[in-house]
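Presented below, as structure tokens, is a lone chain in the form predicted on its own.
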């Protein structure tokens, strides 16, 4: 009994319940015509697609800036980098590499401005971050129409102005990570090795960053800003660096998502990535001032697994095409649960 209590205390009862429910969905799938290998394939792909975006939450949480509801700022930076890569007609590994480089650059620029704002609103970071994310998204809605892009595959055509709402990257660098070193296990299960290795690389870089002097200072600022200030650490500088790093990682994360999804999503699409990323890291066991890579991995698997399997199983069970409705209910339900659990 003591071992069970220790497990519940260390892992957390909510995560155990969600993990058991997810396992139940895996087991129930074959009875409703959903092969287990198909379920595993879907979860692995969505984990690889979203993992880096969730990873971008760590720097801001560790610095005491709280949950990064302004992740659309990084998403916009990555989308801009991706569009510029297409504008240069770059394909293959070079195309996605240039997209990431542009994304990192714009992520640093946008993150710097974002960080300056958050340093002026200490104590209300998460509220202001939400407004900043929404404002940046809608400011770029005007830019997507106004900027002088020329690539015919990106433009609306038919006499319209600006870029398309969704732009295909399949003929450019779509699947460059997903297809790299992929391992076919069965007709329904292909392990996206390249995408998972890239996520592992990003996790390693994040781990290494927090082993540096700057990373340690960021953690100190988040744990006890007064003590950090007394130790000669510039609290505002460390907070600013954490926001810049978080925004840059989010920019890379959306490019990983786009190469797997096959499309760049513009205009109001970046808004959709904030709450799922926040909910995932909270479900993984993070708090508003402490997070680690384990929280990212566990939370992303639980969130994306539930989001993938539950609609599919329920849809097959009731023989009604209600998958989108179930997906919305499950997604928003987990988001509300994660946020209210940490608000108490």
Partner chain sequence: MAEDNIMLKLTGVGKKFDDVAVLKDVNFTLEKGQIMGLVGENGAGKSTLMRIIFGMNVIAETGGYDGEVFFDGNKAAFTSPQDALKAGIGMVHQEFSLIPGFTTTENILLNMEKTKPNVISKVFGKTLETLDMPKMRERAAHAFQTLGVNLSTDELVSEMPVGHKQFIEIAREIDREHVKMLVLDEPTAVLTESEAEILLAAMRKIAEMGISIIFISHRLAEITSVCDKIVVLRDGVVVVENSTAGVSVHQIADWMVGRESSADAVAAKRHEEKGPSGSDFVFEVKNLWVDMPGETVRDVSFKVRRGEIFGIGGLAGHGKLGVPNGIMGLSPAGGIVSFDGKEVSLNSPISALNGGLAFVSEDRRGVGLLLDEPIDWNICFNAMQVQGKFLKKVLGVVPIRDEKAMSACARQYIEELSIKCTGEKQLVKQLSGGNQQKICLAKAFALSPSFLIVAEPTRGIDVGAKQLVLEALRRYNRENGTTILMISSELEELRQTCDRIAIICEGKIAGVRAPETNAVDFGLLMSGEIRDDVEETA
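Residue numbers count along the first chain shown, from 1. No experiment lies behind these values; they were computed from the predicted model shown.
Although it is not shown, the form predicted in complex with the partner chain is what the next lines describe.
Asker: With the partner left out of view, is residue 185 within 4.5 angstroms of the partner chain in the predicted complex by any non-hydrogen atom?
Answerer: The answer is no: residue 185 has no heavy atom within 4.5 Å of the partner chain.
Asker: Under a 4.5 Å heavy atom criterion, is residue 105 part of the interface with the partner chain in the predicted complex?
Answerer: The answer is no: residue 105 has no heavy atom within 4.5 Å of the partner chain.
Asker: Does the 4.5 Å heavy atom contact test between residue 260 and the partner chain in the predicted complex come out positive?
Answerer: Residue 260 lies outside the contact set for the partner chain.
Asker: Is residue 93 part of the interface with the partner chain in the predicted complex - any heavy atom within 4.5 Å?
Answerer: No, residue 93 is distant from the partner.
Asker: Of 232-240, 251-259, 171-179, 194-202, which is the one stretch near the partner chain in the predicted complex, taking non-hydrogen atoms within 4.5 angstroms as near?
Answerer: Result of the contact check: 232-240.
Asker: Taking the partner chain in the predicted complex as the reference, which of 84, 206, 100, 220 has a non-hydrogen atom within 4.5 Å?
Answerer: None of the others qualify; the residue that does is 220.
Asker: Taking 150, 164 and 166 as a possible spot, do all three reach the partner chain in the predicted complex with a heavy atom inside 4.5 Å?
Answerer: None of them does, since no heavy atom lies within 4.5 Å of the partner.
Asker: Judged by heavy atom distances of 4.5 Å or less, which residues of 198-219 approach the partner chain in the predicted complex?
Answerer: Those in contact are 210, 211, 212, 213, 216, 217, 219.
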